[in-house]
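What follows is one chain in structure tokens, specifically the form predicted on its own.
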């Protein structure tokens, strides 16, 4: 272990030019994008929200004057154990004019029995049980075919929601008629269950609350979460519902943006979700999620980068930013790593501790800001002790998983072999280029 005084003396003697030469990746990409830009955008977001507070209040009045029917759809497999908690959460909503449609996608547990019982007791408006599994998109589309609402709210069964969550997630439609979809704000419910869940709790606060708030403010928000998202029903029917595949929530968001509609993130529409409680389960989940950027951004929706009559700079920049920081910067990091090993290999005892220190400082700055805007901040303060581990979690673990997923999807189209979707559905999707 390097002596602390030797460490300090070395960097004092090295000078700022060498310091920037060694840590260029952090300063020019990571710190600039995820700290400086985020802070600037968040400042303007809160200023704008205060200026237009009256418009939001008027939007709420219009919502309650119209009282539109909202169709809440919940597709899933083997979700029986979650249904009662979900139904109880929805029963307490401040907005009451909604129907609840649950689709059992070929479950092999007690979901069908539990769902039928809840339907018979009037707690679910419509329960659909598919004997043969078709995949989550198939379940969502089955619910959509029966939905009567002006707005569709798509939920995951293992989530629970604040009392005003439905009201808040459909409110933006009455603020701006060009908004076609709204994403809700999800936090981790089981954050105290394990180290894996605690680190994911921090990640969700950074990526969902802060990250989506920033991209929404910039007009480049690109994913309405399938766990909690709202859509104009006429637009969903126009684009034909959901297409099969991991990343179907990001896919449908891009299709809505292509039609010229805005997508909006609503931080006040708040819910809780359970996340994988082990790194083995988390790896499996992220390998599936990370393949979607190759399958949809690079392949299916590559026309976003073409100069055609439907070209929009906001869509171009949204996908470009996504690909840059999740694919190209991922590759660039390996180039940086090789550069450091090749040119400064003998100085690793000084470089590695400083690298950890810089990223830890950035994480603390980000999280300190999050505490000021998050709900129930007193519950989140316990996560401070895990911030030093985020350097390893995001800088190495998630990066390696992401790299593996990108490689497998880019060269082997492995998302079409993922058991998360039925083989017959994936085979058809591949034939159709979906």
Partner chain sequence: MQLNTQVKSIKTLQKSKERILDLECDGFLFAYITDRFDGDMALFEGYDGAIIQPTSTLLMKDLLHRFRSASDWTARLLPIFIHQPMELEFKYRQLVDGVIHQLDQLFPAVEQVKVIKAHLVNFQLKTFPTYEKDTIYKLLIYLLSRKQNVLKAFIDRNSSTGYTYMILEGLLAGKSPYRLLEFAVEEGLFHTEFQDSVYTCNSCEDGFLMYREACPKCHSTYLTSQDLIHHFSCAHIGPEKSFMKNDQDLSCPKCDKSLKHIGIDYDKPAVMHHCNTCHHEFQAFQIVATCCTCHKTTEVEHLFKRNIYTYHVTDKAMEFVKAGADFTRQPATESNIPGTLSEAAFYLNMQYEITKAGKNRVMAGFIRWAPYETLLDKMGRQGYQLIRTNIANQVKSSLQSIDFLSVLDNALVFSCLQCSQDLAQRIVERTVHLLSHLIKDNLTNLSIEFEGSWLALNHREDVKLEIIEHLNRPAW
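Residue numbers count along the first chain shown, from 1. Not measured: the values here are computed from a predicted model.
Note that the form predicted in complex with its partner chain isn't included here; everything after this is about it.
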Listed residue (202, 269, 275, 137) with a non-hydrogen atom within 4.5 angstroms of its partner chain in the predicted bound form:
137
Check each of 239, 91, 195, 348 and return the one that places a heavy atom within 4.5 angstroms of its partner chain in the predicted bound form.
239
In the predicted bound form, segment of 124-132, 187-195, 356-364, 149-157 with a heavy atom within 4.5 Å of its partner chain
124-132
I have 116, 142 and 425 flagged as a candidate spot, so tell me whether each of them has a non-hydrogen atom within 4.5 Å of its partner chain in the predicted bound form.
yes
Could you tell me if residue 171 has a non-hydrogen atom within 4.5 Å of its partner chain in the predicted bound form?
no
In the predicted bound form, residue 213 touching its partner chain (heavy atom, 4.5 Å)
no
Non-hydrogen atom contact residue 244 with its partner chain in the predicted bound form at 4.5 angstroms:
yes
